[in-house]
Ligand code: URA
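One chain follows as structure tokens, the form predicted on its own.
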């Protein structure tokens, strides 16, 4: 539970400083916490690690979401995964725990993974465009995207997935650099700096509308075919 521990440590540091200054709650600059990290693995650039990026995310105050969030959600998974799943932003359960996609939508996503021989612990990385929950699960604002985008780019440079599956309209538009709706973006393969991208509906949307299940299954089969082709060409 590294995310929770980091967040609690930052809060303790800030509260202690406030008490020493008379007890008034004040604005605090980011607190740097250095973790002991393993040596750089295949796919990492230089000495930067996912743990170091996560530490920066936990202390980030670059946009207004830092005021309403509980725990940032850097993402979780393995290096060089078959698939990196990218959603929009953390929901209520994720905001409480710092773990991506663990609410009802996340439980449903786990079924999608199993359907194409994937699982979180072996061949996936799961993250979001925005690392902190927007109030009321609203769409992220442009300044929030600007603040978080460098984190995602740095993660992608380290993780190096075989393919990306974007979940929902917002994530698909950002990764595909398009303003088209998810209904038009899905059903075809896009590219993000040479990495194949398969957009599909967000699990929460399918939970609300079961008519979307057939489209999602077709998108998952597209992703599986891409993974099989990549494996054959290795």
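Since the structure is predicted, the reported quantities are computational estimates derived from the model, not experimental observations. Positions refer to the first chain, counted from 1.
One more form of this protein exists, namely the form predicted together with the named molecule; it is left out here, but the text below deals with it.
Comparing 111-119, 157-165, 94-102, 76-84 against the named molecule in the predicted complex, the single stretch with non-hydrogen atoms within 4.5 angstroms of it is 94-102.
Using a 4.5 Å cutoff between non-hydrogen atoms, residue 140 does not count as a contact of the named molecule in the predicted complex. The shortest heavy atom separation between residue 186 and the named molecule in the predicted complex exceeds 4.5 Å. Within 4.5 angstroms of the named molecule in the predicted complex, the stretch 116-136 places a non-hydrogen atom from 128 alone.
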